[in-house]
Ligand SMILES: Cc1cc2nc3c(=O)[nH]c(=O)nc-3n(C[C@H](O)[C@H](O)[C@H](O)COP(=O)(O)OP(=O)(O)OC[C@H]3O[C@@H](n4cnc5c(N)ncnc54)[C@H](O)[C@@H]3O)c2cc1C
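Read the single chain below, which is given as structure tokens and is the form predicted on its own.
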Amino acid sequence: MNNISRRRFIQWLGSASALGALGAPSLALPNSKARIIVVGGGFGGATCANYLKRFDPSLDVTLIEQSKQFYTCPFSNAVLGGLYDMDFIRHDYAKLQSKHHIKLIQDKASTIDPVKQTVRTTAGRTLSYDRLVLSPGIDFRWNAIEGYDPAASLIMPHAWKAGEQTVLLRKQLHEMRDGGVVVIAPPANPFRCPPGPYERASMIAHYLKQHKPRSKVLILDAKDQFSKQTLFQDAWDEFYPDIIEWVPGSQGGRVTAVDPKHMTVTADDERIKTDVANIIPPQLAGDIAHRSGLTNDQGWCPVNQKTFESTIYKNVHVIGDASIAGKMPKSGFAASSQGKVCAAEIVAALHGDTVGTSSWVNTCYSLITPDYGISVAAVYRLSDEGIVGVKGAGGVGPRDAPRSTRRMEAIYAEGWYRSITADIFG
């Protein structure tokens, strides 16, 4: 990486995620005019809609998304840390409509009839499809933590869906007294963005160090290990030794109950008073997947890991966080990579063709300070056991990397974000 310029590296991120995921540079296809409905306009759904039209402009592609704007979870932690404002993580669907001629219905998909192949919206519209792509993201297992329900999240925000919850958590941090305690409670695996809670702790600690230096961040974790753990903890020892404390699940870290009225959390039978509580509850596939019977008893959607077609219903594909995608993490980059492969598989199937051997990619950057970043990257392939990582491709950033590398990782993080969001949303 030291021999690659920043410009070339950022260009590689965009092109590799678009082309390297497909196993073929292009698909020269005749007109099909098939009706494709995509539900969910996040990293997975917006990417899939975009690439369906890129691969076959004649397709009738409709994106159903209830929100006018999409706020990304990636870089929302940097907003909490004061590095960016909310505008930086806000994206709309204007260019998907104008540039790629995707139909946008700003409504909520409420029910699916897989026999009639229709989708009904809350506004009462019924749309027919030849292929359906669901990218519903995640929902929460409310009350898996005693006392934590939607009402409690307005006092103890999860901020694991970016937007209003991000604004609320940021406001609470700004209003908190100097010397206060911020509790972050990450869930057990699997959940969206495995390194996310620990980057969040870093970014909140960065803000506190600047503005409320007597305050603390207490991570009460349901797990004993987490993604990029050694790199995070090395950085915390250097930058935030008196601010961040991590308590693993086996040592009393698992939060079992909350009391929003008194701002306490209970972990290992100990009640802890907090000033700000960021409770990230256990998760499962988005609500429409459950109501449509697309999930297993663990709450996630089983799919054919080559095509991402549901193993329960024909002509329904599920991508992104909601799907069971082998060893791939639940991340924005993974969802986007899946969206491209899924689009290629759908277009090929509509024309009686097949896609060659596909691969998928994922890169995850985490900011510790504005100029100190760490990363993990991986390439995935399909095997007899499903999607698995390719040995020797990617890996976690080296523990002994010089400070110049950490600075470049922070630069690459922003470059990656700008590249992938430009690729998806234009």
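If you're wondering where the values come from, they're calculated on a predicted model, not measured in any experiment. The first residue of the shown sequence is 1; numbering continues from there.
Another form, the form predicted together with the named molecule, is not on view; read the next lines as being about it.
For the options Gly137, Pro186, Pro157, Gly81, the one in contact with the named molecule in the predicted bound form, meaning a heavy atom within 4.5 Å, is Gly137. Among Ala343, Ala277, Ala335, Cys301, the residue placing a heavy atom within 4.5 Å of the named molecule in the predicted bound form is Ala335. Remark: of stretches 67 to 75, 247 to 255, 169 to 177, 305 to 313, the one touching the named molecule in the predicted bound form is 67 to 75 (heavy atom within 4.5 Å). Mapping the unseen interface onto this chain, Ser331 counts among the residues with a heavy atom inside 4.5 Å of the named molecule in the predicted bound form. Put simply, Trp416 is close to the named molecule in the predicted bound form: some heavy atom of it is within 4.5 Å. Residue contact check for Gly320: one or more of its heavy atoms lie within 4.5 Å of the named molecule in the predicted bound form.
For the chain shown alone, Val39 is a contact residue for the named molecule in the predicted bound form, at least one non-hydrogen atom being within 4.5 angstroms.
Residues are counted as partner-facing when one of their heavy atoms sits within 4.5 Å of the named molecule in the predicted bound form; in 103 to 129 these are Asp107, Lys108, Ala109, in sequence order.
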